[in-house]
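As a starting point, one isolated chain is supplied in C-alpha cells, in the form predicted on its own.
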C-alpha cells in the first residue's frame, strides 16, 4: 500500500495500537495552549491544533538536562538513569520536522557526536501532520518549506475532514503503515482532494522574501546603520530564541553543594549579555544591536555558509511570542525589499 486512509472513527484505535508498540509523544492541550508530551491516553492527543507553543525540539534536546552527578568524596561520578523510550513522535508540523532535520548535522558531525541527542533522535519514528490552516504569522514558503513538506519525516498525515490521508516517506514509515490497524487504501478522489487542499493552503502563504536573496543581501549588511534602528525595540529577553525550533546554543553549569552536585546542560541564547562575555571582561557583542544582528545573521547567513541552508523554517513563533511585537519577516524584508 503506497498511501492509506485512517477514518477519524478509527483514530483512537490506531493511536492505542501505537501506544502498545512504544511511547507516543504528541500534542496535548494544557490550559489555553498546546505542548508535546507523552500521551497518557489516546483521547489526550490534540491533532486539531494550529501549532504548539514550544516546538517538539525539546523531545530530543531538552531545555535542561542533567549530564551526570558527582560526589567529591571518593571522586565518584554517576550517570542519570536512561529514560529514552522507543516509540513515535505523532502530529509534528512540517516546519518543526524540518527544523529538527536542520539540527541533526549540528549534533552529529564528523568531529562531534552528541550521544544524548542522537539516542533520543533515533528512538522515535516521526509522524507529521500537514498544515491545513496556517496562522497569520506563518511564512514557511519564504524559507524553502511548505505546509506539506516531508523533510525529516517518516510518515505524513493530512487531515481531509473526516479522515486522514497517510503517506509513508521512509522505510520506517512504510514498515509502520503495513502494521497499523484500520488503514484502508487511499482512493483516487482522496489523493485529488489532498492535492487540492495543498494548493489552497499554499495560496494563503505567498512568499514574502526569497531565502537566497536574504542570504545575499545580508552578506553585505554587517555594518549597515539600519541595525541601530531595528534593535531599539528589542528587550533582549530571548523569548524568540527559547520558542525557536532551530536555536541550539547551550550552556553547561555545575551545581555543587556540600561536596556533591550535578552537571547540567541548559538552553542559552545569543540575546543574553553574558553569552559572549570573556573572562577578561571583554565582550565582542557589548549591546543589543550586536546581539540582535547576530541572531538575524546566524539564521539567514552564517548557518547557510556553514551548513548549506538557512536556519529559519517560518513557524512564526518568535513573532507571536515577542512582547514588543518585533517581526523577523519585517527585519529580513527591510534588507531584501528596499
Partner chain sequence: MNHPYSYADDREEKLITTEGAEREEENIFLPKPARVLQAQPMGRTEKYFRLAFSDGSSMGHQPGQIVEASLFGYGEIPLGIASSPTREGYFDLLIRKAGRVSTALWNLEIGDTMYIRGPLGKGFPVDEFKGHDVLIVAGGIGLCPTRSMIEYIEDRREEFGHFTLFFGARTPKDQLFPNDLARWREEIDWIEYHETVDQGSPEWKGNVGVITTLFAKTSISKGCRVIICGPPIMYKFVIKELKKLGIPDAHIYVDLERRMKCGVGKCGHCQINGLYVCTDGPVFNYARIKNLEEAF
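Residue numbers count along the first chain shown, from 1. The structure presented is a predicted model; accordingly, all values stated were derived computationally and were not measured.
The next section is about a form of this same protein that is not shown, the form predicted together with its partner chain.
**Candidate stretches 253 to 261, 227 to 235, 126 to 134, 161 to 169, one within 4.5 Å of its partner chain in the predicted complex by heavy atom** = Contact-bearing stretch, as computed: 253 to 261.
**in the predicted complex, the residue from 208, 266, 101, 202 that sits within 4.5 Å of its partner chain by heavy atoms** = It is 266 that has a heavy atom within 4.5 Å of the partner.
**Prompt:** Pick from 42, 66, 50, 46: which residue has any heavy atom within 4.5 angstroms of its partner chain in the predicted complex?
**Reply:** Contact check passes for 66.
**Prompt:** Heavy atom to heavy atom, is residue 114 within 4.5 Å of its partner chain in the predicted complex?
**Reply:** It does: once its partner chain is placed as it appears in the predicted complex, residue 114 has a heavy atom within 4.5 Å of it.
**Message:** Considering non-hydrogen atoms and a 4.5 Å limit, does its partner chain approach residue 75 in the predicted complex?
**Reply:** Yes, contact at 4.5 Å.
**Request:** Using a 4.5 Å heavy atom cut-off, state whether residue 23 contacts its partner chain in the predicted complex.
**Result:** It does: once its partner chain is placed as it appears in the predicted complex, residue 23 has a heavy atom within 4.5 Å of it.
**Message:** Is it the case that residue 181, even though its partner is missing from this view, gets within 4.5 Å of its partner chain in the predicted complex, heavy atoms only?
**Reply:** Result no; residue 181 lies far from its partner chain in the predicted complex.
**Message:** For its partner chain, considered in the predicted complex: do all three of 8, 13 and 141 come within 4.5 Å of it, counting heavy atoms only?
**Reply:** None of them does, since no heavy atom lies within 4.5 Å of the partner.
**Those residues of 16 to 53 which, in the predicted complex, come within 4.5 Å of its partner chain by heavy atom** = If the 4.5 Å heavy-atom criterion is applied to its partner chain in the predicted complex, 16 to 53 yields 23, 25, 28, 30, 36, 37, 38, 40.
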